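In the block that follows, a single chain appears as structure tokens, in the form predicted alone.
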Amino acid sequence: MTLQTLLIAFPKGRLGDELVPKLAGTPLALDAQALKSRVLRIPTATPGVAALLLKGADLPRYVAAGVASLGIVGSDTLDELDMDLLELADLGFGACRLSLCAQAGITLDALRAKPHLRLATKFPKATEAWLTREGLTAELVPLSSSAELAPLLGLADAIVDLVQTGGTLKAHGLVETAVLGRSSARLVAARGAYLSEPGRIRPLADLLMATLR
């Protein structure tokens, strides 16, 4: 009997850009030719193990549904979703801050004093939790990309977004006024598969942790 290929869900974008070089030369290195193509299912150097390249917001759903046995995703994404996943490890890379950012010269006290504060964000759950801790109320403006434009064009007073180097903020004349939390890459597993196929999945999880931490 031929064993079914094990799938690992890998993130596209910023986190994926950090991940792929870390896997080079390891048993989980991604096939270079496949990476250059537009295919989203990439063989690894280990027969019977392949990677799915997915957007971070979609990745936990593929793992929770058991399509992928393991996945790597930012903790910021996990915090926004309520998915039935086993979080196996903090892999330590992809570190960034979830920050409140406004145009230079606008302080946190000035934002607090606004009678009707509007915050643009892709992270409504974390933002609402911070507002509750701070005793503030605000109208949340949901955005899926280019949040930096919102304060500049009058759509919002400030944004809540991930900050890694601060270069994008600086390019748009924005500064951090408060840090709401921190994020890093996490290894997650499909609960059912992890418990029912420990002989295949746990060694793979151990290999990922040994390679990436």
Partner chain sequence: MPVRTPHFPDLLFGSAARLRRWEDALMGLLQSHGYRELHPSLVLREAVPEGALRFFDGDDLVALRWDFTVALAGLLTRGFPEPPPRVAYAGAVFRRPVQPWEAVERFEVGCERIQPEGEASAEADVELARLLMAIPGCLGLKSAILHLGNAALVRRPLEAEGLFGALSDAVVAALSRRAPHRVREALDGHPSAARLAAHAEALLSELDGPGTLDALESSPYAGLLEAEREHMDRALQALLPILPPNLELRVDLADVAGLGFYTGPTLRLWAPGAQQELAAGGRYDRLFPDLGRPWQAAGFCVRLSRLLDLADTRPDLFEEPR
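Numbering follows the first chain given and starts at 1. A quick note: this is a predicted structure, and the numbers were derived from the prediction, not measured.
Missing here is the form predicted in complex with its partner chain; even so, the following discussion is about that form.
Handout entry: Contact segment among 109-117, 127-135, 94-102, 77-85, judged by heavy atoms lying within 4.5 Å of its partner chain in the model of the complex
Key = Contact-bearing stretch, as computed: 77-85.
Exercise for the section: Heavy atom within 4.5 Å of its partner chain in the model of the complex: which of 57, 178, 152, 65 fits that? Just give me the one. Expected result: Only one listed residue qualifies here, and that residue is 65.
Practice task
Could you confirm whether residue 198 comes within 4.5 Å of its partner chain in the model of the complex, counting heavy atoms only?
Solution key: The answer is yes: residue 198 has a heavy atom within 4.5 Å of its partner chain.
Practice task
Give a yes/no on whether residue 141 approaches its partner chain to within 4.5 Å in the model of the complex, heavy atoms considered.
Solution key: Residue 141: no, not in contact with its partner chain in the model of the complex.
Practice task
Considering only heavy atoms, tell me if residue 13 and its partner chain come within 4.5 Å of each other in the model of the complex.
Solution key: Result no; residue 13 lies far from its partner chain in the model of the complex.
Exercise for the section: Determine whether any heavy atom of residue 186 comes within 4.5 Å of a heavy atom of its partner chain in the model of the complex, and answer yes or no. Expected result: Taking the distances in the model of the complex, the answer for residue 186 is yes, it comes within 4.5 Å of its partner chain.
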